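As a starting point, one isolated chain is supplied in structure tokens, in the form predicted alone.
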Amino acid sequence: MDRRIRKSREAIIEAFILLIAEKNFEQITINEIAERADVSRGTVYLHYTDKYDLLDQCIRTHFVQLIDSCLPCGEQALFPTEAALLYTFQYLDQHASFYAAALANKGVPAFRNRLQAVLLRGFDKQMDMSGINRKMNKGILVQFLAVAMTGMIEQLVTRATPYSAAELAEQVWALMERNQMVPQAQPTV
């Protein structure tokens, strides 16, 4: 990708994230994004069809980066190891400006919904892989875990918790182990 195009896109996204942190998504205009990014409206429209497309691409890009940077290649479980959970929390902490803005903005419910959907699928898969026969309703447990993890992520990125990413990872992993949510080690022969 041409360096000028990349720089324009980065400026647009950065401006957009700053605006989401300041005001409701519905109140943001393409003019404001262009002005803040120091590009023309035409440049914004060259890259994005509208602010909804920009939001969608921001969310998609951040989720892809999150998954790519936090899960070891070929892993199927959402959090296959405590280290992967720690990398996830550290990544979220490093990119807190975007995640905090997206989670806190009342006009961006799509972000919270997508995050919970990703977590729902991941915990569902993780439960299937754990090999534990549960007496609990799987759907209720998966929903509970996804909502709880979304809350923990929100606490971390909005700096509403006094705990570090490492402390959160350690405690969440302990909870997952206690509830047999982590892949069980295979016995060696």
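Counting begins at 1, following the sequence as shown. All values derive from a computational prediction rather than experimental measurement. Take the two forms, superpose them, and find the largest set of C-alpha atoms that agree within 1.5 Å; that set is the rigid core.
Keep in mind that the form predicted together with the DNA is not shown, yet the notes after this line are about it.
For Arg41, a non-hydrogen atom is located within 4.5 Å of the DNA in the predicted bound form, even though that partner is not displayed. Contact between Leu46 and the DNA in the predicted bound form is found at the 4.5 Å heavy atom cutoff. In the predicted bound form, none of the heavy atoms of Ser164 sits within 4.5 Å of a heavy atom of the DNA. Contact check for Asp50: a non-hydrogen atom falls within 4.5 Å of the DNA in the predicted bound form. Among the residues Ile67, Leu120, Ala148, Ile30, the one placing a heavy atom within 4.5 Å of the DNA in the predicted bound form is Ile30. Partner contacts here mean any heavy atom within 4.5 Å of the DNA in the predicted bound form, and among 120-128, 156-164, 33-41, 57-65 they occur only in 33-41. In sequence order, Arg4, Ile5, Lys7, Ser8 are the residues of 4-26 having a heavy atom within 4.5 Å of the DNA in the predicted bound form; the partner itself is omitted from this view. Glu10: CA moves 2 Å or more between this form and the one not shown after rigid-core fitting. Gln27 shows a C-alpha shift of 2 Å or greater between this form and the one not shown [criterion: core-superposed Cα displacement of 2 Å].
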